[in-house]
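Let's start with one chain on its own, the form predicted alone, as structure tokens.
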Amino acid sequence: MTRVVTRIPPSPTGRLHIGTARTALFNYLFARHENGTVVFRSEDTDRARSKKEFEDEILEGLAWLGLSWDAFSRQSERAARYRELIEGLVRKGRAYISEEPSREDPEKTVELVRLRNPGARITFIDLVRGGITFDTAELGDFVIARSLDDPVYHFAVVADDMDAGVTHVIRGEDHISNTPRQILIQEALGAPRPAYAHLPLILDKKRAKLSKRSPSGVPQIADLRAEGFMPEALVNYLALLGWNPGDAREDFSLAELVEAFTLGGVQKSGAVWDRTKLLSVNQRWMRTLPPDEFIERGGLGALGFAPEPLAKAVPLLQERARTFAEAHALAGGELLCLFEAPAPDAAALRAKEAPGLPRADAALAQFLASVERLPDGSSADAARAALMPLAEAAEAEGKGGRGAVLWPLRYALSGQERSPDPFTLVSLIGPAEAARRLKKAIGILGG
């Protein structure tokens, strides 16, 4: 049985975006599932637009996603081979040199190489879409090289696939129209025809093709990485853009995807890019990390907070943050009170005082007495059991709700209008630190 060979053939004329990454992923998954080989090919024959920095970003981004390959090539390094094959076609009469006016300057003549097109009807079996037929007569004798040393895209990719022994061409459905030309070139070269599988397009929320003109543009892998998405989450999400495992599972590691992936699960209809869903997937993956790995992978150590309170804050960060960028923002904003003592304002402490309720200083004094009786290491539930009865009793006597009674407690502990509930704060900063903050607030109020 022929060993499966797939290829990852990005063009280094731009950054690595989700479309290229998904195509690379599907080629990788299929080859690894079949114990086959993956060939990486940098299609850099567009000399004007190809850049080394784009190639580097593509290689780095795919490696970050966990993808690997077994062979590497650049089209720019295969010029001699292309010329050899083109000259062979001309010599055999399968192609010919055509002198024609230059498109750039009609006063000049250029020598193009055209394939002699037999004009036959071609049918190929798409492993996603079934049989597809083209009448190639309308293509005419199409150009395969701008000179003996300058092949066009269609010729170069066929030559590359032939020499690399590619058995399966897995690519976006926008390449379907390229297939008849490439099959004619294969037949002229005597190359075997690979199997084709054309993937559904990635669409925006309006079900239009995701493009630079889409409201949010085409997401770039490096930007998502910088934003704090995990590679595991991106791989998980990209795999489900156009592929269905056949069951209700939503969470897959790369190894699990390799085991489960088949081309039979690839869908024909377009797949909608949904950032909200990606955020949900990413949060699920973030929640699988133990505290030390969460801190390390999120780069949270760079914030300069003491290790112990930072580790204690991880469950709260995992509950609220959907990316590591959000985790940074929370740690340095809403959750800053876990690492630094606040400087509460007297007016803010009294902001929710109301007739029939205890004054803020009196309420804080009662809370302080209960906090001082809590042992070190008390849980949020223990703090709630000790402090909530005071709020409930005050609520029963007055006109305000428990939130108004608890406000000075939460604000004294956090110094912020938005923060975790006071019971969680007491458990995370500890009863001793909580008592110090309450005493400070009572002093500010003149108690």
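None of these values were measured; they are calculated from a predicted model. The first residue of the sequence shown is number 1, and the count goes up from there.
The following text describes the form predicted in complex with ligand GLU, which does not appear among the structures shown.
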Problem - is_contact(Glu43, ligand GLU) in the predicted complex, heavy atom dist at most 4.5 Å - result: yes
Handout entry: Non-hydrogen atom contact Val157 with ligand GLU in the predicted complex at 4.5 angstroms
Key = yes
Practice task
Please check if Arg284 has a heavy atom lying within 4.5 Å of any heavy atom of ligand GLU in the predicted complex.
Solution key: no
Exercise for the section: Would you please decide whether Lys277 lies within 4.5 angstroms of ligand GLU in the predicted complex, comparing each non-hydrogen atom pair? Expected result: no
Completion exercise
Partner contact check in the predicted complex: of 171 to 179, 82 to 90, 137 to 145, 363 to 371, the stretch with a heavy atom within 4.5 Å of ligand GLU is 171 to 179
Fill in the blank from the handout: When ligand GLU is considered in the predicted complex, the residues of 2 to 23 having a heavy atom within 4.5 Å of it are Arg7, Pro9, Pro10, Ser11
